[in-house]
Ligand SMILES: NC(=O)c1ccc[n+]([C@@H]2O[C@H](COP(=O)([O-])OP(=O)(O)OC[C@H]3O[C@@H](n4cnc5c(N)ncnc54)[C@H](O)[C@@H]3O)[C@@H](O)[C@H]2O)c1
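Let's start with one chain on its own, the form predicted on its own, as structure tokens.
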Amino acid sequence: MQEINLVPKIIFGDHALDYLKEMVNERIVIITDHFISSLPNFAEIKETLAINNTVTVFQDVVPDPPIENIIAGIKTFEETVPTVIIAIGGGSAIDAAKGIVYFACKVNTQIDRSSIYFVVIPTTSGTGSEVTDFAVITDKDKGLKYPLVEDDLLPDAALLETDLVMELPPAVTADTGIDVLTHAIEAYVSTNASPFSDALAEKAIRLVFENLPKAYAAGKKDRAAREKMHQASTIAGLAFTMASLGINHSLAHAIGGTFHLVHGRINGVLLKNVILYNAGLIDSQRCPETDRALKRYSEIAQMIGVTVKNPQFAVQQLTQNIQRLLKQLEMPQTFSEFGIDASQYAEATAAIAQAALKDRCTPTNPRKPNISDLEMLLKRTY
């Protein structure tokens, strides 16, 4: 039996931020970072909310929010006892807000999650975190990222305001866009995939291939491409909330925790070899798992215009299209391109593989990996 929790409410289109005007007599805590809090758009949002509400800003979120960041946010939470939490930012701000809400309610049993209205306003088009029950918290001391998957992490409302992503620089557009693509592909081949998640994943994949190159090349000049990528991010988020992910993300979490690289770029480097491994095209492995994955990946190839009928050739062409897209976006295709020392990378491989094997995304990967498989993938991607 599977269950789909159709939360949150999604507000999109022109003037999506007008939704905030409906809030009256609330104690609101806005969770964000210093950069976002310095922007004119943020000042407008804060001023709108302050007309009829009490507003406190926690602006100390840092990239890959560590446990210490969550603890600091919980202190602000306890001081204000908010009725509304609003996360504004990219994946780090949203993950931090989720962690703060979740653990604050655990620490203080008198506060119930249902009494807090949790709104997310993404300012990048990549994580899909505004509609997921998923967050990643970093333990800096151990160099590990911990994925959390809990119903209480789901926001109550997501506001997709295109104006907030119009100024995204090309590199961020590329990084977050490839993250969207990885979410959608992994959701489509997940062992938990269903017709519901498939429909969402397929739409997100099509939107990325059609709009990411335009958004990257044209920047703020192509509002339609920006809007479609913003929607694709949320659609892919819905897909993987239903179906979960796979070892592309498991490895990305572990690599990110070790080398502190940009998440979307890590996903891009891994994607080709993970696809070939899952489909049994690296080691010529044939079993029901790889046969199913091969079929699913060949379906994705058809979605993006590959006309070859042979599944193996279709999947090879899928990976070629992905590599071509990465090149268009001027993104690295190996970890050596990040400047990571070869001996340092080799030394970290075993620990990264161990962490990835235990990751929450691994159980729904289409092919069950072992440590040797994961180490092989890491070596192939250096």
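Because the structure is a prediction, the values reported are computed rather than measured. Numbering starts at 1 and runs along the sequence shown.
Omitted from view is the form predicted in complex with this ligand, to which the following refers.
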Original post:
Using a 4.5 Å cut on heavy atoms, which of Ala135, Val101, Val119, Leu160 is close to this ligand in the model of the complex?
Top reply: Ala135
Original post:
Heavy atoms within 4.5 Å of this ligand in the model of the complex: does Leu144 have any?
Top reply: no
Subject >> Exercise: Met242 in contact with this ligand in the model of the complex, heavy atom 4.5 Å >> reply: no
**OP:** Please check if His263 has a heavy atom lying within 4.5 Å of any heavy atom of this ligand in the model of the complex.
**Re:** yes
**OP:** State yes or no: in the model of the complex, is some non-hydrogen atom of Glu167 no more than 4.5 angstroms from a non-hydrogen atom of this ligand?
**Re:** yes
Original post:
Hey, of 287 to 295, 122 to 130, 104 to 112, 214 to 222, which bit sits against this ligand in the model of the complex at 4.5 Å between non-hydrogen atoms?
Top reply: 122 to 130
Original post:
Within 4.5 Å of this ligand in the model of the complex, do Thr182, Glu186 and Ala254 each have at least one heavy atom?
Top reply: no
Subject >> Any residue of 19 to 44 that, in the model of the complex, places a heavy atom within 4.5 Å of this ligand >> reply: Asp33, Phe35, Ile36
